[in-house]
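So this first bit is one chain, no partners, the form predicted on its own, shown in structure tokens.
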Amino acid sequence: MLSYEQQRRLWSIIFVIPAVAFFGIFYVWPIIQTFWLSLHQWNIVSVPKYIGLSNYQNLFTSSQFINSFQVTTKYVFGSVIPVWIIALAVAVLFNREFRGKDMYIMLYYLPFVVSLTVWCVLWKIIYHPSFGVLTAVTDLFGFRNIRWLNDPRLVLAALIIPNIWKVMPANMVILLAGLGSIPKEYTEAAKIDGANSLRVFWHIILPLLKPVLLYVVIISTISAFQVFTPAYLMTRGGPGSATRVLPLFIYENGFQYLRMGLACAASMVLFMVLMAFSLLQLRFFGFGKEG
């Protein structure tokens, strides 16, 4: 007969096994398989041919890959930093009680529930140089027929703006939930001691909100690095290579040019970049430090 503690441990293991199996099958194994394929030359049809690290060597000497990495980095920083700032500001605004608050939150959240494909098509129409809504606005200020999606100087910003608008509501709701979990006694005590609103926010609210901020920062960064649909539907990587982000580079090499080994190598590089950014963010927020 097993003791009570042994039975508890046994049942704990039994209940954990399905989750571990799911994670291993659908997350860990694909990563291992992708790394294995990155060491091969494979066109999907023939048998993979082992070529060692040649795919990685070709990547880091490829001007197209370097350009895609630079474009992706610009897109990520141009997207996530405004999202963090605006989402936090709006969350602080909605953390107060005022008339019609729930209705405003619902309206603010609407862009997030719209399908990403529909959202991209909608913004492609908005950007149209002849009859787009944005064109009608810019014409009033004397800027005629601006080609947002055809000008290399504007096209990346044209992709960033819809992304900020779409992902910001979800991040705001997460931050709003975090703000709601902070006991009001802390902020009230600080105000009684003479702290103004700015000091309360900087010294009380932000430190207590750190775990939620970390989650938002990591998730939004990973999501931005994985951008594919806007670049594919709105520009197809153009004009030229101005919006050929890494996921689009991977897709083209893997499924259009049938260079699956090279695509897998690019996927592994993207995976390592995401891991590095996540670890840096953990370090920046002070998690994992002793004391």
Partner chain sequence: MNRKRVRNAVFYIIITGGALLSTAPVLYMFSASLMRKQDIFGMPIRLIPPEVRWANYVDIFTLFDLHRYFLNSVFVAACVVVFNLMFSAMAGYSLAKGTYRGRRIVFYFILSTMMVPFTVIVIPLYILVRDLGWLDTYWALIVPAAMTPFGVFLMRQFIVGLPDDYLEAARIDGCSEVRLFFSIVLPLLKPALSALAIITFTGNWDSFLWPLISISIESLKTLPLGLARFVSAYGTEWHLLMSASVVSTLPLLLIFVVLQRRFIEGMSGLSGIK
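Each form is matched to the other, and the largest set of C-alpha atoms that superpose within 1.5 Å is called the rigid core. Fair warning: this is a prediction, and the values are worked out from it, not measured in the lab. Positions refer to the first chain, counted from 1.
Another form exists, predicted in complex with the partner chain; not displayed. Remarks below refer to it.
Here is the short version: of 125, 85, 154, 189, the single residue with a heavy atom within 4.5 Å of the partner chain in the model of the complex is 125. With the partner omitted from this view, the residue of 202, 104, 77, 143 that lies near the partner chain in the model of the complex is 104 [heavy atom within 4.5 Å].
In the model of the complex, the partner chain sits within 4.5 Å of a heavy atom of residue 228. Heavy atoms of residue 116 reach within 4.5 Å of the partner chain in the model of the complex, making it an interface residue. When the partner chain is considered in the model of the complex, residue 241 lies well away from it, no heavy atom lying within 4.5 Å. Among heavy atoms of residue 247, some come within 4.5 Å of the partner chain in the model of the complex. Of the candidate stretches 69-77, 179-187, 145-153, 106-114, only 106-114 has residues whose heavy atoms lie within 4.5 Å of the partner chain in the model of the complex. Contacts of stretch 241-255 with the partner chain in the model of the complex, defined by any heavy atom lying within 4.5 Å, are made by 247, 250, 251, 254, 255, listed in sequence order. Relative to the superposed core, residue 23 undergoes a C-alpha shift of no less than 2 Å between the shown form and the other one.
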